Every structure is written in structure tokens, then in C-alpha cells.
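A lone chain, given as C-alpha cells: the form predicted alone.
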Amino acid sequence: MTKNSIRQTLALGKRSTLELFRQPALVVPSMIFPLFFSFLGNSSFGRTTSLPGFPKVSSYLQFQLAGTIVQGVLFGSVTGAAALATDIENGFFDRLLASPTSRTGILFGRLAGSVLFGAFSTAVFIFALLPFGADVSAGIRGIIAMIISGALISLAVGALMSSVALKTGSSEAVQGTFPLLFILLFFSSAFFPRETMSGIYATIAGFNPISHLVEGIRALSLDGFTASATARAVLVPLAIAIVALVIANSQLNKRLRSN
């Protein structure tokens, strides 16, 4: 990318970030609801930590911290992609195309807001739950790695949802995909370890990519700052993000050709 393209991408990234934080009605629910479900889960399932196969934890909140992070990141990523679809609907996307703006910068500028919000929300969830027993065995280095992981998960999910936005040009279509993500979340190991599952539920959770995203972050929370835990937390979402970006860029090129 040229210096000019980088400046354009940064400007669009600043716009997308400010747009998110200037709409508290969109941002606050993505913070409040995951925390609410976290405390509700701790109240309802706190004693399940003694079940056979459940990993050794200081509290259920420590186990659920990773699921809370991923849940909040899913909320924020869909919001960012819906904003891209809104840009297409109201004609702002076409005005960008008519200007000498980097085409990839349009996509990456929009994703930048989601990535920063993903990192921010991850930090909020960690420090909000720490006083209540959601210990992070990996310490401050692990917390930093978890924040990086949250940003990469946001990039991966945001890119996938942006593909939907670029394909359909409809914010309703993007928002309509969120229930599917929510279903995948509940069919993952976000709330219970796979070791305690059986039958078709265990099979689905094993193939579910969200399980592997959650378990990567959970490894840092439970196992400490090890090379294996850090690799799982960072490399798994990074690999998914790369694939998602390729798909999103392909959809962007298709939309450019159709205009």
C-alpha cells in the first residue's frame, strides 16, 4: 500500500471507530449482555465445576471468562459489518468509489473500528470480572495475549460479516445472520467443557470453530502463560481471520465489478 492509501485507511478507520462509540445504544448492549449472562451463568451453574471432566478452576466465572469475551466480540463485529451495509444503502460507499480512495482501504478502514472495539471490550470484560473470581493464571502477559486474541476474533468475524454486507448490501441481512452466530455460540464449549458433553452435542462442539476460539483464550486463563496456550489463543483466530479477509476481499472485488 502507498503512503496515501495508508492515510486513507487510517482516516476511514478513525471514522468507523468514532461511529461505534458515538452510538451508545449499539455499544452498551454488547458490553452489558455478556456480563449479565456471565453472572447469570455463575449463579446457575457455579456448582458444575465439581462434575467429572470439568477442568480445575477457581470459579465458574474463571471458566466462563473466555465465552464472555467471544460473546461480546460477536456483538461488536456484527454491528461494524451492519454499518458497512448501511454505507452501501445510503450511497456513501458509492461516493467513496467515485473518489480516489484505496479500494482495500474501504474494507480495512471499516474493519479497523471493529478490531479496536474488540480489543477494548475484551479488556473491559477481563477487568470487570477479575474481582469476582475470573482469575487469569497467565498474569499480565496472558491478559495482553487475550486482548490481542479478542482483536483477532473481531477481525475474523467482522470480515465474515462484511462479506455478507458486500454481497447483499443490506444491513438487515447482516443483522439477520447474528442469530446463526448466537446458535453456534451455544453449540460450542463456551459454557461447558467438551469433556462433559456426549452424543451429537459433543460432535457439533468439536467441529464448531467458536469452540476452538473460546478454548484458545481459556487456555491462557486456566493453564498459565505457556507457548501452547498463547499459540492457541493467537494463531487460531489469526488463521480464521486470514481466510475471512480473503473471502471479504473477493466479495469487494465482485461488488466493484458490478458497479
Partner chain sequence: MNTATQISTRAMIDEQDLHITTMRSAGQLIKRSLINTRRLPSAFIPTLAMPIFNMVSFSGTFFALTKLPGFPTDRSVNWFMPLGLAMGAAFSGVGLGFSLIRDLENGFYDRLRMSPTSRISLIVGPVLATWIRVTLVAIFVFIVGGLLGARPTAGVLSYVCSLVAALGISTIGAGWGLGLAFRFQDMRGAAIMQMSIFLTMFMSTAQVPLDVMTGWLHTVARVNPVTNIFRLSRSGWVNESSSGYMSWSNVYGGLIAIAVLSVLSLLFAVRSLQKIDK
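Positions refer to the first chain, counted from 1. Here the structure is a predicted model, which is why all the values come from computation and not from measurement.
This next part talks about the form predicted in complex with the partner chain, which is not shown.
Though the partner is left out of this view, L40 does reach within 4.5 Å of the partner chain in the predicted complex, counting heavy atoms only.
Mapping the unseen interface onto this chain, L51 counts among the residues with a heavy atom inside 4.5 Å of the partner chain in the predicted complex. In the predicted complex, the partner chain lies farther than 4.5 Å from every heavy atom of F92.
Mapping the unseen interface onto this chain, S198 counts among the residues with a heavy atom inside 4.5 Å of the partner chain in the predicted complex. Residue heavy atoms within 4.5 Å of the partner chain in the predicted complex occur in exactly one stretch of 110-118, 162-170, 123-131, 180-188, and that stretch is 180-188. Along 44-66, these residues reach a heavy atom to within 4.5 Å of the partner chain in the predicted complex: S44, F45, R47, T48, L51.
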